[in-house]
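Presented as structure tokens, the chain that follows is alone, the form predicted alone.
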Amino acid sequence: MYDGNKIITGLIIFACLVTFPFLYNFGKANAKPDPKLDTPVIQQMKEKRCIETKEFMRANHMQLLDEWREAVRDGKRVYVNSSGESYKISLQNTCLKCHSNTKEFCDECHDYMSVKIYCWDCHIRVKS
């Protein structure tokens, strides 16, 4: 190998450049989000519960919202939860009635997960 030193030096520089962002951010994890549930409507509720369990909503809220598109597309306007209770399918009148603090509730988790939400492409954004 005629230029072995130059090749090895180049590989070392390349490895440093590629690993720098990982090494620079090592141990600097973002704090876990803590969604705020202190809206006036929630504070006035005697029994604080959503249309489904907290665990279900954390894991499946996007799938639920995708299913709720049937309200517009197919005219299905009522959602029956796992307990058999019926709710009106409406982002603004069901979900955001209680979770009106979108900046502290929705945006906090979506920003943490780097998820771009597109709800407000069609819906009017509620002022929080």
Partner chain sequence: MSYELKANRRQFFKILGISALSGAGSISSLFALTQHSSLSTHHLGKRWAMVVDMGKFKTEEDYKRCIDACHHIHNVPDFGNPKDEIKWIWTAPYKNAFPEQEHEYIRDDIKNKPFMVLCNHCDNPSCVRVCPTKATFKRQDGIVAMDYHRCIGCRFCMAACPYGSRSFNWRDPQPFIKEKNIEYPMRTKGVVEKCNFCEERLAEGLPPACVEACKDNKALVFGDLNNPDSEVRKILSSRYAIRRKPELGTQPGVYYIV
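This structure is a prediction, so every number in the text was calculated from the model and none was measured. Residue numbers count along the first chain shown, from 1.
The discussion below concerns the form predicted together with the partner chain, not included here.
Residues N93, W120 and I124 are all found to lie within 4.5 Å of the partner chain in the predicted complex, as judged by heavy atom distances. This chain is displayed alone, yet in the predicted complex one of K32, K88, K48, K54 has a heavy atom within 4.5 Å of the partner chain; that residue is K88. For the options V41, V80, V72, M62, the residue carrying a heavy atom within 4.5 angstroms of the partner chain in the predicted complex is V72. Residue contact check for K36: none of its heavy atoms lie within 4.5 Å of the partner chain in the predicted complex.
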